[in-house]
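Quick setup: one chain, the form predicted on its own, written in structure tokens, and binding and motion questions come after.
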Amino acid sequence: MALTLWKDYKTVKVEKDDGTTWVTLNRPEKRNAMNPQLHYDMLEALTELEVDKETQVVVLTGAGPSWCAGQDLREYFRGTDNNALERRKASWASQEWRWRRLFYFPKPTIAMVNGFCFGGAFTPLIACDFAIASDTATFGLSEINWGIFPGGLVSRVLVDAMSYRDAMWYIMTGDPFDGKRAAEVKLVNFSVPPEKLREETIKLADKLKKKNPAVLRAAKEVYKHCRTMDYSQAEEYMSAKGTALRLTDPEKGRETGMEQFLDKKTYRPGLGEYKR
């Protein structure tokens, strides 16, 4: 893998490799805890990558032995206690990139969890479409142990990734758990030995890059929007989305697949991919 540095922000490093863009939270001395500058850097990076033609898949990871230790208590909380404007700006940027922008990002996203993942880091973890963890990564919602509850959307987004019983256990006990346990409770798709983490992440990214990007985006948007709709709303939305996709897909994937299946007899659903 030959990574090419694209941009090096104050707290974030962005590198590219053949369609896969690696976004690394880069405050290893602070276990990549999120301070206001990191929120501003991540918001800018994601905004640019949304329209970057070279980026097909985004991998979010952390520098050093941590993925992300949550919010930087000193700089994000105490550092803005007497600065209402800075607190508002940092709070907006924090929620904007960690959930709204990342959850609806127009390209596939993978969280590659290489180490510590605590508190507020659960929001971008769950916002990513996929998550692969090192077996030895450490997860935790330790807020209960020092007098607060998991805020900043964490308690809400846990509903999307964990069962009621598992979520309540970790919220109310503060117990840490490893990557294997994270996979068991489906917080991540699966975990692997640390030496296999990057390899398995690249394998998934390469699989996604073979798919039709317009269809990938539509499939992602349909699922994420329809999950909060009633059945009649979802039916109407999906019908309109299907029509829009047929009109805007430059590869004409639906027509190509139908032709290969019905006319050329070269494609069989479930037995491979149609030829793009």
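Throughout, we count residues from 1 along the sequence that is shown. Keep in mind that this is a model prediction, so the values were computed, not measured.
Heads up, the form predicted in complex with acetyl coenzyme *A (ACO) isn't pictured, but that's what we're talking about next.
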Quick one: which of 236 to 244, 47 to 55, 214 to 222, 65 to 73 gets within 4.5 Å of acetyl coenzyme *A (ACO) in the predicted bound form, going by heavy atoms? 65 to 73
Using heavy atoms and a 4.5 Å limit, would one call residue 91 a contact residue for acetyl coenzyme *A (ACO) in the predicted bound form? no
Taking any heavy atom pair closer than or equal to 4.5 Å as contact, tell me whether residue 148 reaches acetyl coenzyme *A (ACO) in the predicted bound form. yes
Using a 4.5 angstroms cut-off on non-hydrogen atoms, would residue 116 count as touching acetyl coenzyme *A (ACO) in the predicted bound form? yes
Give a yes/no on whether residue 209 approaches acetyl coenzyme *A (ACO) to within 4.5 Å in the predicted bound form, heavy atoms considered. no
Looking at 135, 96, 143, 129, which is the one with a non-hydrogen atom within 4.5 Å of acetyl coenzyme *A (ACO) in the predicted bound form? 143
Counting only non-hydrogen atoms and a 4.5 Å cut-off, give the residues of 18 to 51 close to acetyl coenzyme *A (ACO) in the predicted bound form. 29, 30, 31, 33
